[in-house]
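Read the single chain below, which is given as structure tokens and is the form predicted on its own.
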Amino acid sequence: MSQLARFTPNMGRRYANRRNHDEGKAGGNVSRLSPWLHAGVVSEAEVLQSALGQHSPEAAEKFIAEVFWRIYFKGYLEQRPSIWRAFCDQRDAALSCFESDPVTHGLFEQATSGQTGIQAFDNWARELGETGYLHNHARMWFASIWIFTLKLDWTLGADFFLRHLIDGDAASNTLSWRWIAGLHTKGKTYLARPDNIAQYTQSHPDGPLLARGLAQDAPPLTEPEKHARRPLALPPGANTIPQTYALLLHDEAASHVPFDLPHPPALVISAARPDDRSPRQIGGLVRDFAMQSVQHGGEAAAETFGCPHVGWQSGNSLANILADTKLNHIVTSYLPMGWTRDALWPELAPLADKGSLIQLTSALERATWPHAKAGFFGVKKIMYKAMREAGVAARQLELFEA
């Protein structure tokens, strides 16, 4: 992948020194690989392998940790599925309420269209709509201002991101907003400060960005529900794949390349569901990227394996596709908590109940998710161990630890 190859030389010290700076649309100080990581076009293991192929583990530690944040968030949400359900319920209730509240609705429209009068915030709102991307630091500032200065419901902000971020990930997005609000790490919030924003936007084309009138404190939000952790129940590996099966590609697994398939499928099914991210309209850039990624991924897999490719469109029946092809089993990437699972599971559940659905997890997920029980520190402690177990950059890690 060209984007990965271009940024690999910068995954070491340069990334560590410049990663917190928001350099705007053309900023090259961060990888911008997240859309392809979310879509499963490139895997976390491949990115880590590239980083350690050119940098020592010590030099690339900050970059490695950022990749593991993505894995951590998925593992954490998988062990607390009630967080996703609560987010959806609160978002839907907030959407219903604000439609009948002209004041809140007006403020929401100003915020999402970049007309609040807070220069930095308005810049990010417009940039998000125009590019489908925001720097991670900008996302934190934006969320903090949304919650503590504008005092809008956090779930509406998280939903706004999901609708417009090409890389919008159910776990990373939801848990990041909860962290800002003081719900993820109880009582710990993130307060956006004008001086901090100015310092880290000096290299922005419109910077340093101004942020006047921000809240001076960030009291943590509270919620009635306690999200208890449930044990992980990860499916077995690729050794359970039957001889004849259909390979299902979707929004979070749009490519067959990261799969470790012991033998080829008889059919490739592609199912893109970007419109299920939200009850509200999805941004065009988000929709186009998802639809094209899944479609191209399906076509590439069919060509690679020399088998037919069929699209499973929303509203069509998966059962009919399988009946027409006389196939009984589907193999796909594990569907974590989020809208993709919500969209596809009603038709996949009967197959799962019969033992006809095989979901594959990566070796890196299996090595990391059990440690995503509380804060990120538990994962950070074992990230090199997890890479060794997953066979990622084994030689480089061996030399580093010798």
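Computed from a prediction, not measured in an experiment: that's the story for all the values here. Residues carry their position along the shown sequence, with the first being 1.
Not pictured, yet referred to below: the form predicted together with a small molecule.
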Is residue 335 close to the small molecule in the predicted complex, meaning a heavy atom pair under 4.5 Å apart or at it?
-> no
Using 4.5 Å between non-hydrogen atoms, is residue 176 touching the small molecule in the predicted complex?
-> yes
For residue 278, is any heavy atom within 4.5 Å of the small molecule in the predicted complex, or not?
-> no
With the cut-off set at 4.5 Å between non-hydrogen atoms, does residue 60 touch the small molecule in the predicted complex?
-> no
Please pick, from 34, 359, 356, 43, the one residue with any non-hydrogen atom lying within 4.5 angstroms of the small molecule in the predicted complex.
-> 34
Just one of 73, 148, 160, 124 has a heavy atom within 4.5 Å of the small molecule in the predicted complex. Which one?
-> 73
Within 4.5 Å of the small molecule in the predicted complex, do we find a heavy atom from each of 269, 312 and 320?
-> no
Only one of 50-58, 360-368, 343-351, 63-71 gets a heavy atom within 4.5 Å of the small molecule in the predicted complex; which is it?
-> 63-71
